[in-house]
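Quick heads-up: the structure tokens below are two forms of one chain, split into structure 1 and structure 2.
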Structure 1
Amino acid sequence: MLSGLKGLGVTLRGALRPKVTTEYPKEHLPIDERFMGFPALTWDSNRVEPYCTGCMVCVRYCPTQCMSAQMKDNDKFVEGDSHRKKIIESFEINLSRCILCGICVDVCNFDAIEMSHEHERSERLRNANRVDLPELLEMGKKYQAEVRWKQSKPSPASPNEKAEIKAVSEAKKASEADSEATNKQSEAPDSGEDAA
């Protein structure tokens, strides 16, 4: 009888405890900021182009070979509006094969790929989890907005920006030289006053 009461006490304590689990998919726990979901491509809103240059480093280092990419010449570089000579033309990731290892993020030199918070992508068809460039960029933009993502190192200036900076510095030097010459003239004594 005593053991029966002890068992009932354990049951009542368990029933009155606050709930630890959630009834997924009806309820969702908040995702931790460090959570690693599927990879996504980041977007450079200052230059209005992706950070990815299509260098293929992530493709080469991927242990499951779930990525493929192609690069092209960047039209904005020709116009002088971007510092990136090459840019991504197409990028595809087979998320069914991705093991979420994060190696692609570690080897990327341009902050072009991040592990997003995207994780609910179950599909019935074999190739339904292949995502292409527009979808990867959309996932990246969403992730950047969620975590207020910042680039780890600032982007170099574009050719137009370099020319602008050079013109401003030359104009500043010229104005400083003019003001210095004006100051020297005003400090020098007037020869007509010395003779009198």
Structure 2
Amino acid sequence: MLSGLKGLGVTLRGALRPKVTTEYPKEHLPIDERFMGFPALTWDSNRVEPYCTGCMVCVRYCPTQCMSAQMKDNDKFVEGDSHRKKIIESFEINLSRCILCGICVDVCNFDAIEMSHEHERSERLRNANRVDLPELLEMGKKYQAEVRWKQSKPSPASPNEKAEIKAVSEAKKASEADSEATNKQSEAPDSGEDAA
């Protein structure tokens, strides 16, 4: 009976402390920046197109086979605006099947897929959690804005940029050749290559 009274003391002390719960739909706990929500596709705002080239590596490594993707030739590459020869045509993730393991992010070579902070989804229909490319990109844009996302390494130059750089360097070279002495000429091709 006497050590039981100690328990009453513990609960009394508990009653005097503030509550630790939050009222969920009204309040949300902060999400850690590393939090892995549903996967989303990132948007390359420089090239105005998705990062994803549809290389299928995430599709192959997904433990639950919840994704499917299809690639197409990139029109912007033909026009010279983008460095991506191929671009994603359609991408579908069944978020009901996704187990949020993050393997797709690990294996992606192009920073094209990220685990977003989106984690609350409920739909009335069984297949309503299948999300397609536009929706994935929307999620991705939201996530990118949220965490001020940066790609891990800069993307290579597009054909147009290459041409531009080449033109610039050539113009520079020409002007240098005009104005400078001949001993500077040996360094000019190097700097041109670095820029490319």
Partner chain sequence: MTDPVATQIEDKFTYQASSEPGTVDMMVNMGPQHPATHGVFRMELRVDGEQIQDVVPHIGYLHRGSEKLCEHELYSQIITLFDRFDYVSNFNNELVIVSAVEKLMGVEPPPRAELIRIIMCEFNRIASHLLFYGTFAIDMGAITPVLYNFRDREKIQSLFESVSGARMMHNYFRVGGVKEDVKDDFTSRALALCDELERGVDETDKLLTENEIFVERTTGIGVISGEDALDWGLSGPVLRASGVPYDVRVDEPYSRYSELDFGIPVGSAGDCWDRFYLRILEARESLSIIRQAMALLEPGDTMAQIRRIARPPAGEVYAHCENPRGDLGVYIVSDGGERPYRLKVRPPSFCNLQALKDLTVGHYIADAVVILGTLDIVLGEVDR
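Owing to the predicted nature of the structure, the values given are computational and were not obtained by experimental measurement. For the two forms, the rigid core is made up of the largest set of C-alpha atoms that agree within 1.5 Å on superposition. Here, residue number means position along structure 1's sequence, counting from 1.
**Report entry** Matching structure (the form predicted on its own), either 1 or 2
**Finding:** That would be structure 1, which is the form predicted on its own.
Query raised in the report: If you line up the core, does residue 22 shift 2 angstroms or more at its C-alpha between structure 1 and structure 2?
Result: Moves: no, less than 2 Å.
Query raised in the report: What Cα shift, in Å, does residue 9 show between structure 1 and structure 2 once the core is superposed?
Result: Residue shift at the C-alpha: 4.5 Å.
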